Structures are given as structure tokens and as C-alpha cells.
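A single chain, nothing else alongside it, follows as C-alpha cells in the form predicted on its own.
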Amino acid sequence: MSSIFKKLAARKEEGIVRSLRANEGQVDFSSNDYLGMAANAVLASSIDQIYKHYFPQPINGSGGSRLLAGHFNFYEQVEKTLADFFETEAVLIFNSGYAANLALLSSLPQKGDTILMDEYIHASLKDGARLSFANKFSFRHNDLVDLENKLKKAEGEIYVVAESLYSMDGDFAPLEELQPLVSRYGAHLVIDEAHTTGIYGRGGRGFLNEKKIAAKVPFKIYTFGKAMGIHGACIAGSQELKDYLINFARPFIYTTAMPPHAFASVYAAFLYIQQHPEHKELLEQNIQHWNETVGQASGFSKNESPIQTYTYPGNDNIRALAQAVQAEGYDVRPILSPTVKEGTERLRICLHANNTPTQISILIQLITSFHE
């Protein structure tokens, strides 16, 4: 056991040890709560009303796996509502996006199949692939030439895995070119919409919907713990896919289901975003304000997404910058190597619908003035 703790000691010596820190009282430029729904009082009231309507007698916990005691008729109603919303045949809800990604890639590809993954996909997708008996390879980020070279060599059923929006750089996958390429080789496309659920597409249906290709992608993951402001996730696809996951996805079969109040939260949140498009509009305005304010200043990203960055190479440098900004009451977090490649250490800055233009301008000024 002591040899394991040596790894922790080494990380401490390198100054890259992780620790838990609350951010109460600071202006949020760190969370994934893009629409500002996590602390929305109107949504909270709606969740309680829906919960009490469907569960007049309080149920604090689900009681077990959904295959045992942890399933209720209301759960199926919520999944049917989401299937209609995402314009797909069926969805299956999981306790988190991590669990959904783990479930899909650990159970679907079989021995002799091939998983081709964008090198920047989330750790949960990589872990799911690792648990699979399929062959697995990475292709260079958003590099369709490299992907095609690997498609030509792939064996068995082929699964190509990408995210619609990448969380470290705030850039999008080239979905309009990716989908037909994957289809041309008879492969299956898996798209994680974690960072686009609620903020892109018609009514928040995701980036695939915005690009009008959602129906052409057989395996989609939508996450609720970011822009939706709640918790959980779902895999969307065919009814046959849902039935398969219920029977073979271990992260679904062998875990206690989310409690009824969590399902009420999902139901309420998706109703809320359809009734309140102004949050999405405010977020879009803040993204535009960021891009206009940073202008041509070096180090700053100008993404068309709420995920922005400021690159300042060196772990010590970026950590010192983050601490200086935090001291002024603005919650930003440094992203250190090896989480990102050495020399690309950065602040990861998340914009939200409830940030004000003034707060965004002050943040940019705090960063630029650090070097003065």
C-alpha cells in the first residue's frame, strides 16, 4: 500500500495534487451550469410541485436497482417525455453522464469489434472503452484524415466516439463531415452531447439537432448535470438499444436507481427550458460579449461556445494567475499539465446566462492586468 501512496506524495511534490474547495461567495466562471439553472428558484419550486403531485407520500430513496425495487411508473413517463423531446424512439436514464458513457461503451462493442476514439474525449468514455473486450484506438483530435486511415484498418463492428463540444478547449466536432464519413464505412457513431444539452438546437435539443443530423446518429448521450442544472443523464436511440442496455449494461443493472425527486427534477428542467428560452439567449449574448471584448488579445480564446480559455504556459504560472483572480472574488480554475499537454496550461473559463457583461469585462481585465 505504501507504494501507492508514493504516487500521491510525488504529485504533491510536483504541485499538481487535487483537493476539494468550495466557491461560495465568488462570481462563478468555473461551473458547467451554463444556463444558471442550478440555483434557479422557479425551477426549484416546479420540481417540488411535480414531485408532490406524482408522489403524495414522500419517498426519499428508490430502494434499489430499477430491475428490483427501484422502478416507478413515473420513471417511464419521464423517459417517454425525453424521447419525444429528443425526437428519438427511446431513452434510458442513468445516474450520471459518467455512468451512461461507461454503460454504453463497456456493453455494446464486442470482442473482435473496434472502437475509434477522438483523443480528447472524456475520461468516462475512455474508461468505458477500456472495460470493453473490443479493440480500441485513438485518432487525432477532429482529424478526419487520421480517422479515415484508421477506419480502413478497423475490424468487426466499428464504433466511432466523439463529443459534440469538447470541455477543455471549447471547440466543436466537425459533425457535418464526421457523420457521413462514419456512415460511408458502415461504422456506428457515438456522440456525447454533455456540454450542448440545453443550449444548442431547437429548444435545447443539442448540437446534433442544430446540425439537423440527430436522426442519423444511432447512439447519443445527453447529460443533465451541466446546462440543465440538475443531475443524471440518458442514452438516446432505438427501443432495441434501450432493451439491450437494460439487459447487459452493468452500470445500469447493478446500481441503486436515482430517487423519485431526481426524476421529478429531470421532468421539470426539460419543461422549464422550453418555457424559458431567454436563458439560452442571454448565454449567447454573453458569448458574443466575451469574443468582442477580448478582441485580438493574445492568450484568449474566441469560441462560439460558453467554454473559453486563457492559455498561460507553465503550471506555476497558471496557478499564480488563478489565485490572483480568485482573490478578487472571481471563481476560475487552472487546468494543469498533464491534464492538458505541457505548454498549453490554461484557465478554463465557463460563461453563464446569469453572468453580467460587466462581470465578464472585469474578469478579462483582471487577467490582462496580471502581466502589467
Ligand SMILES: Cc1ncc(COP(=O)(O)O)c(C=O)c1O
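One-based numbering along the sequence shown. Bear in mind the structure is a predicted one, so any value in this text is a computation, not a measurement.
Although not depicted, the form predicted in complex with the ligand is the subject of the following passage.
Distance criterion of 4.5 Å from any heavy atom to the ligand in the predicted complex singles out His122 from the list His122, Lys220, Arg205, Lys242. Of the residues Gly201, Pro109, Gly97, Pro251, just one reaches the ligand in the predicted complex with a heavy atom at 4.5 Å or closer; this is Gly97. Contact annotation: the ligand lies within 4.5 Å of heavy atoms from the stretch 220-228 in the predicted complex, the single such stretch among 171-179, 220-228, 294-302, 151-159. Among heavy atoms of Ser167, some come within 4.5 Å of the ligand in the predicted complex. At a distance threshold of 4.5 angstroms between non-hydrogen atoms, Glu163 is in contact with the ligand in the predicted complex.
In the predicted complex, none of the heavy atoms of Ala103 sits within 4.5 Å of a heavy atom of the ligand. When the ligand is considered in the predicted complex, Gly237 lies well away from it, no heavy atom lying within 4.5 Å. Residues from 172-202 that approach the ligand in the predicted complex with a non-hydrogen atom closer than or equal to 4.5 Å are Asp192, Ala194, His195, in the order they occur in the chain.
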